[in-house]
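First comes one chain, alone, set out as structure tokens in the form predicted alone.
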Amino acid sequence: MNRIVSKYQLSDEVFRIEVEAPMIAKARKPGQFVIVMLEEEFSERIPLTIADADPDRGTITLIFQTVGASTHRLAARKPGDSVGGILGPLGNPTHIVNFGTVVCVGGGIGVAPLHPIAQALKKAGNRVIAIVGARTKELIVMEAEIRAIADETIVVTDDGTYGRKALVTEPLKELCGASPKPDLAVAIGPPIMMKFCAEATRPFGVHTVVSLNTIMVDGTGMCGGCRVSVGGETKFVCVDGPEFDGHLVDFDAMMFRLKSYKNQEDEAHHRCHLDLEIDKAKDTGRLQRAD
């Protein structure tokens, strides 16, 4: 069992938890992820990227969005509660060297897995320019942590409620068109965002790394559920990735596969919201009766 040390709600459906996992905290490297199981047996396996780790305290930080039954149940856990198990670290770590100038682009909760990568790139001597984006101000996460790392931070929102009114691809194109251009771009976020980031850098010849979050079951390469096409070859995100050359990923096929269980996910999401409303109503009723 892994005890939850702290929990914060970052927005309506985004949560940040710090969980005891001493061996993972010591072994993890930037770019890797874990599989979280709420119960010890017969529990859905949830792939979550490690946003941060503290080897001294023996904890890892996970940031996730409530999109289905299991993530809603995880969000309902409180500090002091436990999760059944955490498997990891999984996946290949990010290739970290001194490239020169690196643009790190994070969309929505994609900023969470971007954080340790940007941190490691900066430590390796790179000049790090960060682009942080979201649909609206309330969905910006980990801005302070990114600003503490990056040499320059650009914040954009789709609706203009915070920072610059733009998509993340706009400042990315501007940076790629400057002289000298970046030596590397790292983009993490929704698949459609990563696709267009890769298309934005392609004309400038800027190598672009993306971190994919596909449908995943076991996380060890056995089920094949996370398969993607990269450069015309089938790859498994859990063991061959999660990072790939963004110019080679078949994003259209990947996004089509991600819709496989959309109806079930929407139903679970809606059912969880109803359950939460019922629980709130029960709590309110108890309070009223107590009065």
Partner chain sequence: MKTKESLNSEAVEVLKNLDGKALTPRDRLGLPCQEMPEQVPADRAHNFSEVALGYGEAQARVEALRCLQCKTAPCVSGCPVRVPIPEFIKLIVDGDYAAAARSIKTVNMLPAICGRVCPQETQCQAPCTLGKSLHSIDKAVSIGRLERFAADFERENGLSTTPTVKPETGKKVAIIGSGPASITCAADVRREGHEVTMFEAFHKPGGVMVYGIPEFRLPKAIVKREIDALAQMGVLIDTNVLVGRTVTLAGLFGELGFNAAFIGSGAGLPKFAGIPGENLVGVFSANEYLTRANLMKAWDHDHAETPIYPSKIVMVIGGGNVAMDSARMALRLGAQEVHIVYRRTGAEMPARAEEVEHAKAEGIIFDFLQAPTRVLGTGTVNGLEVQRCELGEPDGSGRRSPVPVPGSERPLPCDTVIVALGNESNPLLKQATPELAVDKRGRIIVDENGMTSMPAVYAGGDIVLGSATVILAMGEGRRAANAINALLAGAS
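Numbering follows the first chain given and starts at 1. Between two forms, the rigid core is the largest collection of C-alphas that superpose within 1.5 Å. Model, not experiment: these values are computed from the prediction.
Not on display, but discussed next: the form predicted in complex with the partner chain.
Peer 1: At the 4.5 Å heavy atom threshold, is Gly58 in contact with the partner chain in the predicted complex?
Peer 2: Although the partner chain is absent here, Gly58 would stay clear of it in the predicted complex, with no heavy atoms inside 4.5 Å.
Peer 1: Would you check, heavy atoms only and a 4.5 Å threshold, whether Gln65 touches the partner chain in the predicted complex?
Peer 2: Residue-level check for Gln65: no, no contact with the partner chain.
Peer 1: Gly108 near the partner chain in the predicted complex, any heavy atom under 4.5 Å?
Peer 2: Heavy-atom contact with the partner chain at 4.5 Å: absent for Gly108.
Peer 1: Should Gly231 be counted as a contact of the partner chain in the predicted complex, where contact means heavy atoms within 4.5 Å?
Peer 2: No, Gly231 is distant from the partner.
Peer 1: Identify, from the list Ala148, Val217, Ala124, Ile192, the residue with a heavy atom within 4.5 Å of the partner chain in the predicted complex.
Peer 2: Selected residue: Val217.
Peer 1: If contact means any heavy atom within 4.5 Å, which of 89-97, 157-165, 136-144, 183-191 contacts the partner chain in the predicted complex?
Peer 2: That would be stretch 89-97.
Peer 1: For a quick test of understanding: in the predicted complex, does each of Arg16, Ile129 and Phe251 have a heavy atom within 4.5 Å of the partner chain?
Peer 2: Not a single residue of the candidate spot has a heavy atom within 4.5 Å of the partner chain in the predicted complex.
Peer 1: Using a 4.5 Å cut-off on heavy atoms, what residues in 200-228 are near the partner chain in the predicted complex?
Peer 2: Contacting residues: Ile215, Val217, Asp218, Thr220, Gly221, Met222, Cys223, Gly224, Gly225, Arg227, Val228.
Peer 1: So with the core overlaid, does the Cα of Glu41 end up 2 Å or more away between this form and the one not shown?
Peer 2: True for Glu41: a C-alpha shift of 2 Å or more.
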